[in-house]
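One chain comes next, on its own, written as structure tokens: the form predicted alone.
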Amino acid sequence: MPDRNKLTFIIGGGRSGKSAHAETLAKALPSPWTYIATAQAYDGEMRERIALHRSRRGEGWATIDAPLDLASALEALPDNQPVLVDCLTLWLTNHMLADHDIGAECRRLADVLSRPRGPWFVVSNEVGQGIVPDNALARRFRDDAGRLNQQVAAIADTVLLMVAGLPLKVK
């Protein structure tokens, strides 16, 4: 179980168990727990995914929606509170679609994440283990997500790679 004021980075492929494992780690600590959601429900399928995540978490979670201003949401939290951010790749997608300065947004987020004020658990997708995407936007996303994941892994106290529901300690 992570110590107080530590950043735990949980990364893995789609449906690898990242969110569920992050929830388990956070719930092992005393409440209140805060879930910072970066997803936006643009369609029925995404609404279903969000509803599934909410129902799985159960009682005791405060949810903050931060599809774009994740750094400010983290800065506004009280100290010593378990926080789960889910997920960085959706946050990145939101910024790409809004045509924001990705480098600046990632640097700002990394700066805040480098100073956790409680046990913080950050979830992201590993997107660099597949084939090279066939279009420029998908390649840009893969490259930007890879850079962001490297930045966060470098500052994290613990890095867990999720594979088939099992956490592998990387750092």
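From 1 onward, residues are counted along the sequence shown. This one's a predicted model, so the numbers in the text were calculated from it and none came from an experiment.
FYI, the form predicted together with a further copy of the same chain isn't displayed, but the following is about it.
### Query
Which residue, C106, L113, V127, L70, has a heavy atom that falls within 4.5 Å of a further copy of the same chain in the predicted bound form?
Answer to the contact question: V127.
### Message
Between a further copy of the same chain and G17, G146 and V170, in the predicted bound form, does every residue show a non-hydrogen atom at 4.5 Å or closer?
### Response
Yes, each of G17, G146 and V170 comes within 4.5 Å of a further copy of the same chain in the predicted bound form.
### a further copy of the same chain in the predicted bound form: contacting segment from 26-34, 114-122, 61-69, 45-53, heavy atom within 4.5 Å
Result of the contact check: 45-53.
### Query
Is the gap between A22 and a further copy of the same chain in the predicted bound form 4.5 Å or less for some heavy atom pair?
Judged by the heavy-atom cut-off of 4.5 Å, A22 is well away from a further copy of the same chain in the predicted bound form.
### Task
Quick one: name the residues from 129-147 with any non-hydrogen atom within 4.5 angstroms of a further copy of the same chain in the predicted bound form.
Q129, G130, I131, P133, A138, R139, F141, R142, D143, G146, R147, in sequence order.
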